[in-house]
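First, one chain by itself in structure tokens, the form predicted alone.
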């Protein structure tokens, strides 16, 4: 039985266990083996571990101080399998980055010198650079806050999350194929797609190609998930994210549908008017509809919507100030693109909230380097 210190932090609409790199190394077990056992990944209920049996609650980040100039901390993001003994290390998670920023401030990984502290981060999975700005009034950080985000009624510490120069963070190009439109082959034939790499690689399709409006409840959107899963694999091959003989990834690229704004109701029944947002979106998270939207997906959508010729640009309401209001199942989430230095793509800002839930010593059943 191994002992591992960790903190569970809600970042936005995800829960993420945060572990110090030195604590992981001290166990003497590789990170995959450790996480698979700690989360009880082999069980789809994850009942004998700390996983929450959903894609938004089966996440982890391993954090350490960075030696890179201009960076405070670096973190590896893990999407732990659910009923699948595999850990995905190929992507990033903006909600977990929000949690990492709060963890860094609370654990002295960055100096607090004013009433506002910015944590400069790099995600080692993708090389993405992010910033998380947290209020630290009187040079202190609190465990409570009054900030809320769509997708949960819980309040938390406000975090302004910035994705810096996000275009091409994984493939080197905002449009990995060099085209704004590609044609992929799904279960029922060819489908138009826009393949974008910003924040995370994403494959975007028009909702109407699947007989959808883009404003469906999660149960209705779920009918399109099998087809989108097939198309995700096709997109991964087209974007150079995988080769034919590589294992199928259910994390990369992100995949979803977009549509013109129309009136709809959120998951909790709140009405959203056609004029209250700019782009309807429904995304897939691993094997199921995402209850809101992943932040890296929001960055990809903001980039796609600002790029003439893409499907997102075709159906989005264009704004003059770089904001894009996304109509998600949980409600409206706003991303704002801010011009950056010459040669860099715009920084994308999102308002999030985070809260520390628990600090704990995990008792991890590992036998001879393998999950027990």
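Numbering follows the first chain given and starts at 1. Every value quoted in this text rests on a predicted model; they were computed, and no experiment measured them.
Quick note: we don't show the form predicted together with another copy of the chain, though the next part is all about it.
> Of the options 52, 346, 331, 322, which one has a non-hydrogen atom that comes within 4.5 Å of another copy of the chain in the model of the complex?
Selected option: 52.
> To verify the annotation, which of these, 168, 240, 291, 135, has a non-hydrogen atom within 4.5 Å of another copy of the chain in the model of the complex?
Here the answer is residue option 291.
> Hey, in the model of the complex, does residue 358 get a heavy atom within 4.5 angstroms of another copy of the chain?
Residue 358: contacts another copy of the chain in the model of the complex.
> According to a 4.5 angstroms non-hydrogen atom cut-off, is residue 310 in contact with another copy of the chain in the model of the complex?
Judged by the heavy-atom cut-off of 4.5 Å, residue 310 is well away from another copy of the chain in the model of the complex.
> Look up in the model of the complex whether residue 246 has a non-hydrogen atom within 4.5 angstroms of another copy of the chain, and give yes or no.
Looking in the model of the complex, residue contacts with another copy of the chain do not include residue 246, since no heavy atom lies within 4.5 Å.
> How about residue 340 - does it come within 4.5 Å of another copy of the chain in the model of the complex, if we only consider non-hydrogen atoms?
No, residue 340 stays farther than 4.5 Å from another copy of the chain in the model of the complex.
> Spot the stretch among 275 to 283, 184 to 192, 141 to 149, 203 to 211 with residues whose non-hydrogen atoms come within 4.5 Å of another copy of the chain in the model of the complex.
Flagged stretch: 141 to 149.
> Using a 4.5 Å cut-off on heavy atoms, which residues of 30 to 68 contact another copy of the chain in the model of the complex?
Residues within 4.5 Å: 43, 45, 46, 47, 48, 49, 50, 51, 52, 56, 57.
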